[in-house]
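Presented below, as structure tokens, is a lone chain in the form predicted on its own.
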């Protein structure tokens, strides 16, 4: 009797397994036939960092504050920057990443005050030596840097004009308030 019970349980288990197999047999496959098909990269997938283009300036908005370099536990980021004429902030002269050392922790993205850092969508980078993983993040922006600097100078000039107009309006409002106070005291 015990043997019949074991056979029955085994047969029932086999049918359950076959049912799962048959249900999944007609579903869309979850695998991607790489390299014929490219996988869709999730927004949260981590990879090498890149400088993200900001629509209002047509370039990245890195201000060479060095916060990402300072917070990096792997010491894989190296930045130098200088202040350009007509700008109130620095622009990077070099922005190098040693991706062979990067732990993809994301601290550099979290600390960036201008949100100009992001993860690359390219997931299949390969190389034969460590030097293949040294990236110059400014390389793709060198051709458009002068145009971006002109746009940034124009934005800076407009902000300065707005500040001066506000200061002038505040001074006029204070003078008018003082005149009203003086007029009230004389009456």
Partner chain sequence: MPELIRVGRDEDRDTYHLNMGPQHPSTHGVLRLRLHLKGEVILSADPIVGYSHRAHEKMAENRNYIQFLPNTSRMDYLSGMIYNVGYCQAIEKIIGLEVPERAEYIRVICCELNRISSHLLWYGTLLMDLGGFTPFLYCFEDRERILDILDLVSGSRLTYCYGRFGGVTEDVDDKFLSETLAFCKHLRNRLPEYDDLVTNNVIFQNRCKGIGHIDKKTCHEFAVTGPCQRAAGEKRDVRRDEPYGIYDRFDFKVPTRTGGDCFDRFMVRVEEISESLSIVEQAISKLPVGPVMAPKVPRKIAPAKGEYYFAVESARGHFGMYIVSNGTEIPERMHFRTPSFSNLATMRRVLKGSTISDTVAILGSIDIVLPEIDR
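Computed from a predicted structure; not experimentally measured. Residue numbers count along the first chain shown, from 1.
There is also a form predicted in complex with its partner chain; it is not shown, and the following applies to it.
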item	value
Contact of residue 105 with its partner chain in the predicted bound form (heavy atom, 4.5 Å)	yes
Interface membership of residue 153, its partner chain in the predicted bound form, 4.5 Å heavy atom rule	no
4.5 Å heavy atom contact, residue 176 to its partner chain in the predicted bound form	no
Touches its partner chain in the predicted bound form: residue 167 (any heavy atom, 4.5 Å)	no
Partner-proximal stretch of 39-47, 140-148, 121-129, 156-164 relative to its partner chain in the predicted bound form, 4.5 angstroms, heavy atom	39-47
Partner contacts for 13-35, taking its partner chain in the predicted bound form and a 4.5 Å heavy atom cut-off	13, 14, 16, 17, 20, 21, 23, 24, 27, 30
